[in-house]
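Below you will find one chain, with nothing else, as structure tokens; this is the form predicted alone, and questions on how it binds or moves follow later.
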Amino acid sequence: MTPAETLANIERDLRASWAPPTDGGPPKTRVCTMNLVVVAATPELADRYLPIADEVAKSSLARAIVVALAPDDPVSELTGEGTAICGVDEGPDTCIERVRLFAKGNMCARVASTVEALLVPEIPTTLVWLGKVYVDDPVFVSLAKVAQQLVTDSEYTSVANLVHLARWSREAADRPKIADLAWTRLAGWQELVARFFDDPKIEPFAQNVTKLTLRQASDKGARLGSEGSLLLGWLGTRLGWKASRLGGALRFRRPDGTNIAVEFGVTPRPAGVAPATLSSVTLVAEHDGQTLVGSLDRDLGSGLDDATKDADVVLWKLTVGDAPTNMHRVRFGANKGAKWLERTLRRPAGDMALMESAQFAEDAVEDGILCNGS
């Protein structure tokens, strides 16, 4: 099917969605405040992400365009369909529109023009790219030209890819600003780590960290994932650490020149939990003859459907010197893809802290850190 035929079919589908009800009921009302374009590197990923796009489109009042790419398919074809999704803002007759596109083979090169023809004019466009980003990819370049914000998920790529993408974004004023889903997922971890040093009496410990342990849900010998890398970068940039090598070994130093012991380990990954998900953080600091130990341990799988559906639970613990341990459980909320995308869309794009943390992480882990702890 040619792009022109695909567009005609989609427009026919959308017109049918807005046809007056035959039972004499109230007409449907279309709402749209943004274009949300989701591009998945495989059809399977597009299928998994479709309900996420639908949920976010409803909450953000967006026209969602979900694109599945299969460039290696021997058949060159572009197919698509459009539909109205109603029930927005608890109004059963208030609806948004969703379009699905499936590009195969050489037709992938023409999908960008089809997407552009489907955008609602004069409203912002956000491009969500699920996969590794190559800034010379003609599909990416064409879609990025019409987007004001670009959302990636470095879980599907790497921190290095995120750094290169940020550099590309800065090279021209008309290029989209960058946001990252993995960075959004770290917001709760960052807040809980900062709480270790909330008390003014404890604050000096932040500049005297002696050990950091990061664990992720993966097999032994797996490379450090994006969440652990970005959290390491955030801690390093906030606390003024420097990464260096001695005899090939990676070292981290505080501003006063003291080495920090950094360990990377693993915990068992339950079924349904994404690979390399951050599972545990432990900080040890020494100040004025006392030792501070702060830890965060995630109850992996606590947000899965067969467990506590609306919870992603973290155990927060803090011990300072001989004082009793302060401990409580914190719920991040539902561990769902739609929640993370909604939060990312509401956060400022081009976050300088993200760019600094990604750069620190890339410089520190460019050789690929392996997580071998138990």
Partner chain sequence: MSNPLRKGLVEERTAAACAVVIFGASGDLTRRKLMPALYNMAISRSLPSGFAVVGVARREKSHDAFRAEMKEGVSKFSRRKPIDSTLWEDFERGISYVAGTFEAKETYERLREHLEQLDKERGTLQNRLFYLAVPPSEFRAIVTGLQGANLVQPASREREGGPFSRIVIEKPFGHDLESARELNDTIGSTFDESQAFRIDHYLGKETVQNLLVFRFANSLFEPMWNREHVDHVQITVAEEIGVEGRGKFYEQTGVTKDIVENHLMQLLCLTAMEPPISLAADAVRDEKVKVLKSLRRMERGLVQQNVIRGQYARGIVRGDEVPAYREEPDVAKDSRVETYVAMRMFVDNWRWGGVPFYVRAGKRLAKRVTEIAIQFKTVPHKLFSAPDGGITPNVLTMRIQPDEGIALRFITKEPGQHTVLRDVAMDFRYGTAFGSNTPEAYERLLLDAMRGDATLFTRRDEVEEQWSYMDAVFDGWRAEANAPPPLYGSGSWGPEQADDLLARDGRRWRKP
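Numbering follows the first chain given and starts at 1. Because the structure is predicted, anything quoted here is derived from the model rather than measured.
Form predicted together with the partner chain: not shown, discussed below.
Proximity of 31, 61 and 313 to the partner chain in the predicted complex is complete: all three residues have a non-hydrogen atom within 4.5 angstroms. Contact with the partner chain in the predicted complex, judged as any non-hydrogen atom within 4.5 angstroms, is confined among 201-209, 150-158, 265-273, 250-258 to 201-209.
Think of it this way: in the predicted complex, the partner chain has a heavy atom of just one of 242, 164, 195, 170 within 4.5 Å, and the residue is 195. Checking 130, 108, 284, 235 for any heavy atom within 4.5 Å of the partner chain in the predicted complex turns up a single hit: 235. Contact check for residue 288: no non-hydrogen atom falls within 4.5 Å of the partner chain in the predicted complex. When the partner chain is considered in the predicted complex, residue 27 lies well away from it, no heavy atom lying within 4.5 Å. The partner chain in the predicted complex comes within 4.5 Å of a heavy atom belonging to residue 191. Not displayed here, the partner chain is kept clear of residue 45 by more than 4.5 Å at the level of heavy atoms in the predicted complex.
In the predicted complex, the residues of 336-351 lying within 4.5 Å of the partner chain by at least one heavy atom are, in order, 346, 347, 348, 351.
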